[in-house]
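Shown here is one chain on its own, the form predicted alone, set out as structure tokens.
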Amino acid sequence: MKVACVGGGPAGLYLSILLKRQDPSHDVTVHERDPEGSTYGWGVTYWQGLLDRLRDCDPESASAIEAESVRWNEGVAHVRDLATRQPGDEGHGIGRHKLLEILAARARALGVRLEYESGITAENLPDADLVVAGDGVHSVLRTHHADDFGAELTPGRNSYIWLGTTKVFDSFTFAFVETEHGWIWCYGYPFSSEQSTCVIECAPDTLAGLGLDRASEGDGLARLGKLFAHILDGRPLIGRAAADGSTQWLTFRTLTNRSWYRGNLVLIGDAAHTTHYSIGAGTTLALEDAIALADALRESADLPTALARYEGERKSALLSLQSAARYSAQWYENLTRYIHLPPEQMFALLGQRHSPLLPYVPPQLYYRLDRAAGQLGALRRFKRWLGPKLARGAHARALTSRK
């Protein structure tokens, strides 16, 4: 099979690795519009379950990824002058640039052609049996066939900015700061022995009130550095200036698609779906897409059958994660509902922010129920039954309101 992967991100590179491992006679090319090594981004997170799957699929790249990753097994939340720590599952962080470097080297070693500065559009598609659109949330290939894919972008409310710092956090770190214009908060996690990612978020009114929407990059980073000086230990925040010199505040948009393939063109990674950054699943989902697509192509020689299987499997797998991401984003959009709770309760509900039940139950009552559910099997089963029921009702109401 001749395969053209459009986009040199984790999804396209990992798919090329898997296809060449399955059958070295596959002719696989990865096209990336930017120069090699020019990727923007700080660190990405993943969990032990993904690493186990990567070992099963390609032990060589999995070992390299693990060797370049840092780990943590607890979280800390700073609210005003108080810090609360809780143990958690082991998390992993790796620099996005390092991850792509590892995958590119492994793909080359297997005989994949990597063509950088190779912009692909619908007008100059490569001649291939299968074209994989891994060109991100703004995919030009998906956009060209918008009616066929049925993409829907749903904007969130809050503004955020993706930054780096030379402060190396020892755990996954949350910090919530109250200003005269409202709350602003960050998520910080290490991705190497020298740097961490720091994502900062706030409501639009807070952004405007603090003047961050109008600040130059230097001024904006300086203001943010002062707000979060207590967790940065005097280390600077590092950004990427926009063309006009302003800082790059964004609004997250959740992407869904009615269909994931059209003829021999198939979507993968952020071109197919996005989930809110607060659950840290973007890279994991991209790699899992690649695994599922490679498996489907191996199981069926008939391309339409393989692509239909891939779409069905991944849509089904994404349902719970998309729901969790939606509720996680809403938790932060309604931060004032939780921020004044006692620190241990607030941090506990921060960990429960994915729950479809939480928005419908008074926070302190939910906290008590959750504590009791850990000890009483019947109550835990009731919670698991009621949560999805409320989630389905909310989803149905959302669909009705769009009509």
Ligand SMILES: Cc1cc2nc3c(=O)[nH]c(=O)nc-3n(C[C@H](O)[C@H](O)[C@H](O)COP(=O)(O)OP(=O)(O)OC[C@H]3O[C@@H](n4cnc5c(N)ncnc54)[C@H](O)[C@@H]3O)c2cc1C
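Small disclaimer: the values here were computed from a predicted structure and weren't measured. Quick note: we count residues from 1 along the sequence shown, nothing fancier.
Quick note: we don't show the form predicted together with this ligand, though the next part is all about it.
Just one of T283, N257, Q195, N158 comes within 4.5 Å of this ligand in the predicted bound form, counting any heavy atom, and that one is T283.
Only one of V76, L110, V140, A222 lies close to this ligand in the predicted bound form, with a heavy atom inside 4.5 Å, and it is V140. No residue of the trio G88, W183 and R353 has any heavy atom within 4.5 Å of this ligand in the predicted bound form. Heavy atoms within 4.5 Å of this ligand in the predicted bound form are found in one stretch of 57 to 65, 341 to 349, 43 to 51, 356 to 364, which is 43 to 51. Within 4.5 Å of some heavy atom of this ligand in the predicted bound form lies at least one heavy atom of I120. Contact check for F228: every heavy atom lies farther than 4.5 Å from this ligand in the predicted bound form. The closest heavy atom approach of A11 to this ligand in the predicted bound form falls within 4.5 Å.
Contact check for W162: a non-hydrogen atom falls within 4.5 Å of this ligand in the predicted bound form.
In the predicted bound form, the residues of 17 to 40 lying within 4.5 Å of this ligand by at least one heavy atom are, in order, H31, E32, R33, D34, Y40.
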